[in-house]
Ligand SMILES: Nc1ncnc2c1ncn2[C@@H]1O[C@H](COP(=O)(O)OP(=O)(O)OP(=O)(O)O)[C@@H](O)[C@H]1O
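We begin with a single chain expressed as C-alpha coordinates, specifically the form predicted on its own.
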(Lines give C-alpha, C1' and ligand atoms only; values in the text may rest on other atoms or scores of the structure.)
Protein backbone atom coordinates (compact mmCIF):
# COMPACT_ATOMS: atom_id res chain seq x y z
CA UNK A 1 0.00 0.00 0.00
CA UNK A 2 1.42 3.38 -1.04
CA UNK A 3 2.49 5.80 1.68
CA UNK A 4 0.85 9.22 1.88
CA UNK A 5 3.44 11.75 0.74
CA UNK A 6 1.39 14.94 1.19
CA UNK A 7 -1.65 15.52 3.36
CA UNK A 8 -3.41 18.89 3.32
CA UNK A 9 -6.29 19.19 5.77
CA UNK A 10 -8.70 22.16 5.85
CA UNK A 11 -5.79 24.50 5.08
CA UNK A 12 -6.39 28.24 4.80
CA UNK A 13 -3.86 31.08 4.68
CA UNK A 14 -4.05 34.85 4.68
CA UNK A 15 -0.92 36.90 4.03
CA UNK A 16 -0.01 39.56 6.55
CA UNK A 17 -1.71 42.88 5.69
CA UNK A 18 -4.02 41.14 3.19
CA UNK A 19 -7.76 41.57 3.64
CA UNK A 20 -8.80 38.12 2.48
CA UNK A 21 -7.49 34.57 2.49
CA UNK A 22 -5.29 33.50 -0.43
CA UNK A 23 -6.49 29.89 -0.06
CA UNK A 24 -9.43 28.54 1.90
CA UNK A 25 -10.23 25.09 3.28
CA UNK A 26 -8.00 23.06 0.97
CA UNK A 27 -8.06 19.33 1.68
CA UNK A 28 -6.38 16.61 -0.40
CA UNK A 29 -3.76 13.88 -0.28
CA UNK A 30 -1.03 12.77 -2.67
CA UNK A 31 0.30 9.25 -2.45
CA UNK A 32 4.02 8.62 -2.79
CA UNK A 33 4.81 8.31 -6.49
CA UNK A 34 1.72 10.29 -7.47
CA UNK A 35 1.52 13.09 -10.04
CA UNK A 36 -0.74 15.97 -9.00
CA UNK A 37 -1.32 18.90 -11.35
CA UNK A 38 -2.73 22.11 -9.90
CA UNK A 39 -4.71 24.29 -12.32
CA UNK A 40 -6.61 27.55 -12.14
CA UNK A 41 -6.59 31.12 -13.38
CA UNK A 42 -4.36 33.90 -12.05
CA UNK A 43 -4.74 34.66 -8.33
CA UNK A 44 -6.44 31.32 -7.72
CA UNK A 45 -3.97 30.37 -4.98
CA UNK A 46 -1.65 28.01 -6.87
CA UNK A 47 1.63 29.66 -5.82
CA UNK A 48 0.41 30.02 -2.24
CA UNK A 49 -0.23 26.29 -2.13
CA UNK A 50 3.26 25.58 -3.49
CA UNK A 51 4.81 27.86 -0.88
CA UNK A 52 2.92 26.00 1.83
CA UNK A 53 4.04 22.58 0.59
CA UNK A 54 7.72 23.52 0.81
CA UNK A 55 7.47 25.32 4.15
CA UNK A 56 7.93 28.89 2.93
CA UNK A 57 4.50 29.33 4.46
CA UNK A 58 4.49 29.93 7.40
CA UNK A 59 8.25 30.35 7.95
CA UNK A 60 9.07 32.94 5.26
CA UNK A 61 5.71 34.36 4.23
CA UNK A 62 3.98 35.40 7.41
CA UNK A 63 0.25 35.51 7.95
CA UNK A 64 -2.67 33.68 9.50
CA UNK A 65 -2.93 29.93 8.98
CA UNK A 66 -5.60 27.38 9.70
CA UNK A 67 -5.56 23.65 9.18
CA UNK A 68 -2.44 21.64 8.42
CA UNK A 69 0.04 20.71 5.71
CA UNK A 70 2.00 17.51 6.30
CA UNK A 71 4.82 15.88 4.35
CA UNK A 72 5.29 12.18 5.11
CA UNK A 73 3.34 12.73 8.31
CA UNK A 74 5.38 15.71 9.54
CA UNK A 75 3.83 19.18 9.82
CA UNK A 76 5.73 21.74 7.73
CA UNK A 77 4.79 24.39 10.30
CA UNK A 78 6.63 22.45 13.01
CA UNK A 79 9.79 21.86 10.96
CA UNK A 80 12.32 24.33 9.60
CA UNK A 81 12.42 25.08 5.88
CA UNK A 82 15.81 23.33 5.78
CA UNK A 83 14.30 20.16 7.26
CA UNK A 84 11.41 20.19 4.80
CA UNK A 85 13.75 20.88 1.87
CA UNK A 86 15.60 17.64 2.62
CA UNK A 87 12.50 15.85 1.29
CA UNK A 88 10.77 18.44 -0.89
CA UNK A 89 12.47 20.15 -3.84
CA UNK A 90 11.04 23.36 -5.28
CA UNK A 91 11.49 24.73 -8.80
CA UNK A 92 10.44 28.37 -9.16
CA UNK A 93 8.49 29.91 -12.02
CA UNK A 94 11.42 32.20 -12.85
CA UNK A 95 14.63 30.12 -12.95
CA UNK A 96 16.81 33.20 -12.46
CA UNK A 97 15.35 33.52 -8.97
CA UNK A 98 16.85 30.14 -8.19
CA UNK A 99 20.45 30.82 -9.22
CA UNK A 100 22.96 31.45 -6.44
CA UNK A 101 24.82 34.16 -8.43
CA UNK A 102 28.02 33.05 -6.69
CA UNK A 103 29.27 30.48 -9.20
CA UNK A 104 31.15 30.70 -12.50
CA UNK A 105 30.06 27.44 -14.11
CA UNK A 106 27.00 25.25 -14.41
CA UNK A 107 28.87 22.45 -12.61
CA UNK A 108 29.51 24.73 -9.63
CA UNK A 109 25.88 25.87 -9.65
CA UNK A 110 24.63 22.29 -9.58
CA UNK A 111 26.99 21.47 -6.72
CA UNK A 112 26.14 24.57 -4.69
CA UNK A 113 23.52 22.93 -2.47
CA UNK A 114 25.68 19.86 -1.91
CA UNK A 115 28.57 22.07 -0.82
CA UNK A 116 26.32 23.77 1.73
CA UNK A 117 25.44 20.34 3.12
CA UNK A 118 29.05 19.30 3.45
CA UNK A 119 28.95 16.52 0.85
CA UNK A 120 32.48 15.19 0.06
CA UNK A 121 34.03 16.48 -3.17
CA UNK A 122 34.19 13.13 -4.97
CA UNK A 123 30.52 12.52 -4.16
CA UNK A 124 29.62 15.99 -5.44
CA UNK A 125 31.44 15.40 -8.72
CA UNK A 126 29.70 12.05 -9.22
CA UNK A 127 26.25 13.50 -8.56
CA UNK A 128 26.87 16.52 -10.79
CA UNK A 129 27.70 14.21 -13.70
CA UNK A 130 24.65 12.00 -13.01
CA UNK A 131 22.24 14.93 -12.86
CA UNK A 132 23.78 16.63 -15.90
CA UNK A 133 23.19 13.47 -17.92
CA UNK A 134 19.62 13.13 -16.67
CA UNK A 135 18.65 16.67 -17.72
CA UNK A 136 20.89 16.95 -20.79
CA UNK A 137 23.41 19.49 -19.49
CA UNK A 138 26.60 17.48 -20.12
CA UNK A 139 27.89 19.90 -22.74
CA UNK A 140 27.20 22.99 -20.64
CA UNK A 141 28.97 22.17 -17.37
CA UNK A 142 31.83 24.62 -18.04
CA UNK A 143 29.54 27.46 -19.17
CA UNK A 144 28.55 30.43 -17.00
CA UNK A 145 24.87 30.03 -15.98
CA UNK A 146 24.21 33.67 -16.82
CA UNK A 147 25.22 33.09 -20.45
CA UNK A 148 22.62 30.38 -21.08
CA UNK A 149 19.20 30.54 -22.72
CA UNK A 150 16.04 30.59 -20.63
CA UNK A 151 15.37 26.91 -21.26
CA UNK A 152 18.93 25.97 -20.33
CA UNK A 153 18.75 28.02 -17.13
CA UNK A 154 15.49 26.28 -16.26
CA UNK A 155 17.22 22.93 -16.62
CA UNK A 156 20.02 24.19 -14.35
CA UNK A 157 17.42 25.25 -11.77
CA UNK A 158 15.77 21.84 -12.03
CA UNK A 159 19.14 20.11 -11.75
CA UNK A 160 20.17 22.10 -8.68
CA UNK A 161 17.01 20.79 -7.02
CA UNK A 162 17.26 17.19 -8.21
CA UNK A 163 20.87 16.84 -7.10
CA UNK A 164 19.66 17.03 -3.48
CA UNK A 165 17.64 13.83 -4.05
CA UNK A 166 14.19 15.07 -2.93
CA UNK A 167 11.38 12.56 -2.49
CA UNK A 168 8.84 15.15 -3.67
CA UNK A 169 9.28 17.71 -6.45
CA UNK A 170 7.10 20.85 -6.51
CA UNK A 171 7.14 22.93 -9.71
CA UNK A 172 5.37 26.30 -9.87
CA UNK A 173 4.64 26.97 -13.56
CA UNK A 174 8.31 26.46 -14.35
CA UNK A 175 7.66 26.17 -18.10
CA UNK A 176 5.68 29.41 -18.51
CA UNK A 177 8.58 31.44 -19.91
CA UNK A 178 9.86 28.73 -22.25
CA UNK A 179 9.13 28.07 -25.91
CA UNK A 180 7.05 24.96 -26.70
CA UNK A 181 10.11 22.77 -27.34
CA UNK A 182 11.83 23.81 -24.11
CA UNK A 183 8.60 23.40 -22.19
CA UNK A 184 8.06 19.86 -23.47
CA UNK A 185 11.68 18.98 -22.70
CA UNK A 186 11.26 19.98 -19.05
CA UNK A 187 7.95 18.16 -18.83
CA UNK A 188 9.42 14.98 -20.33
CA UNK A 189 12.16 15.03 -17.68
CA UNK A 190 9.59 15.50 -14.91
CA UNK A 191 7.42 12.68 -16.26
CA UNK A 192 10.44 10.37 -16.34
CA UNK A 193 11.26 11.24 -12.72
CA UNK A 194 7.68 10.39 -11.80
CA UNK A 195 7.93 7.07 -13.65
CA UNK A 196 10.99 6.33 -11.52
CA UNK A 197 8.95 6.86 -8.35
CA UNK A 198 9.30 10.55 -7.48
CA UNK A 199 6.18 12.32 -6.22
CA UNK A 200 5.32 15.33 -8.38
CA UNK A 201 3.19 18.40 -7.66
CA UNK A 202 3.14 20.63 -10.73
CA UNK A 203 1.32 23.86 -11.46
CA UNK A 204 0.76 24.00 -15.20
CA UNK A 205 -1.33 25.90 -17.75
CA UNK A 206 -1.16 23.44 -20.65
CA UNK A 207 -4.32 21.38 -20.20
CA UNK A 208 -3.46 18.86 -22.92
CA UNK A 209 -0.24 18.12 -21.06
CA UNK A 210 -2.01 17.94 -17.71
CA UNK A 211 -4.58 15.51 -19.06
CA UNK A 212 -1.88 13.36 -20.62
CA UNK A 213 0.38 12.98 -17.61
CA UNK A 214 -1.32 13.77 -14.29
CA UNK A 215 -3.07 11.06 -12.29
CA UNK A 216 -4.87 13.68 -10.17
CA UNK A 217 -5.96 17.25 -10.96
CA UNK A 218 -6.69 19.90 -8.33
CA UNK A 219 -8.58 22.96 -9.62
CA UNK A 220 -8.59 26.23 -7.68
CA UNK A 221 -10.65 29.38 -8.10
CA UNK A 222 -10.02 32.49 -5.99
CA UNK A 223 -8.40 30.37 -3.32
CA UNK A 224 -11.15 27.77 -3.21
CA UNK A 225 -10.89 24.11 -4.14
CA UNK A 226 -13.48 23.63 -6.88
CA UNK A 227 -12.52 20.20 -8.24
CA UNK A 228 -10.33 17.25 -7.32
CA UNK A 229 -10.15 14.00 -9.24
CA UNK A 230 -8.72 12.23 -12.24
CA UNK A 231 -8.20 14.28 -15.41
CA UNK A 232 -11.31 12.66 -16.90
CA UNK A 233 -13.40 13.51 -13.84
CA UNK A 234 -12.24 17.12 -13.69
CA UNK A 235 -12.17 17.98 -17.39
CA UNK A 236 -15.28 15.92 -18.08
CA UNK A 237 -17.31 18.16 -15.79
CA UNK A 238 -19.37 20.42 -18.06
CA UNK A 239 -19.25 23.21 -15.48
CA UNK A 240 -15.52 23.27 -14.79
CA UNK A 241 -14.96 26.17 -17.22
CA UNK A 242 -17.37 28.24 -15.12
CA UNK A 243 -14.56 28.34 -12.53
CA UNK A 244 -11.96 29.79 -14.88
CA UNK A 245 -10.41 26.40 -15.61
CA UNK A 246 -9.63 25.67 -19.24
CA UNK A 247 -10.04 22.19 -20.72
CA UNK A 248 -8.10 20.34 -23.42
CA UNK A 249 -9.21 21.03 -26.98
CA UNK A 250 -9.94 17.31 -27.34
CA UNK A 251 -12.61 17.64 -24.66
CA UNK A 252 -14.28 20.50 -26.54
CA UNK A 253 -14.20 18.62 -29.85
CA UNK A 254 -15.59 15.32 -28.57
CA UNK A 255 -18.22 17.05 -26.45
CA UNK A 256 -19.40 18.97 -29.52
CA UNK A 257 -19.56 15.73 -31.53
CA UNK A 258 -21.57 14.06 -28.78
CA UNK A 259 -24.06 16.93 -28.52
CA UNK A 260 -24.53 16.96 -32.30
CA UNK A 261 -25.16 13.23 -32.29
CA UNK A 262 -22.37 12.68 -34.82
CA UNK A 263 -20.10 10.52 -32.64
CA UNK A 264 -21.78 9.96 -29.27
CA UNK A 265 -19.69 9.03 -26.26
CA UNK A 266 -17.71 10.36 -23.32
CA UNK A 267 -15.23 13.18 -23.73
CA UNK A 268 -11.71 12.27 -24.83
CA UNK A 269 -8.56 13.75 -23.32
CA UNK A 270 -5.90 12.90 -25.89
CA UNK A 271 -5.31 13.10 -29.62
CA UNK A 272 -5.64 9.54 -30.93
CA UNK A 273 -9.15 8.70 -29.64
CA UNK A 274 -10.31 12.18 -30.62
CA UNK A 275 -9.14 11.62 -34.21
CA UNK A 276 -11.03 8.31 -34.21
CA UNK A 277 -14.21 10.08 -33.11
CA UNK A 278 -13.80 12.74 -35.83
CA UNK A 279 -13.35 10.02 -38.44
CA UNK A 280 -16.46 8.32 -37.13
CA UNK A 281 -18.40 11.57 -37.49
CA UNK A 282 -17.12 12.19 -41.01
CA UNK A 283 -18.06 8.66 -42.06
CA UNK A 284 -21.73 9.12 -41.23
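If you're wondering where the values come from, they're calculated on a predicted model, not measured in any experiment. Residue numbers count along the first chain shown, from 1.
Heads up, the form predicted together with the ligand isn't pictured, but that's what we're talking about next.
Q: Please determine, with the chain shown alone, which of 64-72, 249-257, 37-45, 226-234 has non-hydrogen atoms within 4.5 Å of the ligand in the model of the complex.
A: The contacting stretch is 37-45.
Q: Just to confirm, with a 4.5 Å cut-off on non-hydrogen atoms, which of 136, 205, 212, 192 contacts the ligand in the model of the complex?
A: None of the others qualify; the residue that does is 205.
Q: Could you work out which of 98, 93, 183, 85 is the residue within 4.5 angstroms of the ligand in the model of the complex, going by heavy atoms?
A: Here the answer is residue option 93.
Q: Does every residue of 6, 32 and 187 put a non-hydrogen atom within 4.5 angstroms of the ligand in the model of the complex?
A: Contact check failed for every one of 6, 32 and 187.
Q: Does the ligand get within 4.5 angstroms of any non-hydrogen atom of residue 267 in the model of the complex?
A: Heavy-atom contact with the ligand at 4.5 Å: absent for residue 267.
Q: So in the model of the complex, is the ligand close enough to residue 108 to count as touching (4.5 Å, heavy atoms)?
A: Residue-level check for residue 108: no, no contact with the ligand.
Q: Pick out the residues of 159-182 whose heavy atoms come within 4.5 Å of the ligand in the model of the complex.
A: The stretch touches the partner through 173 alone.
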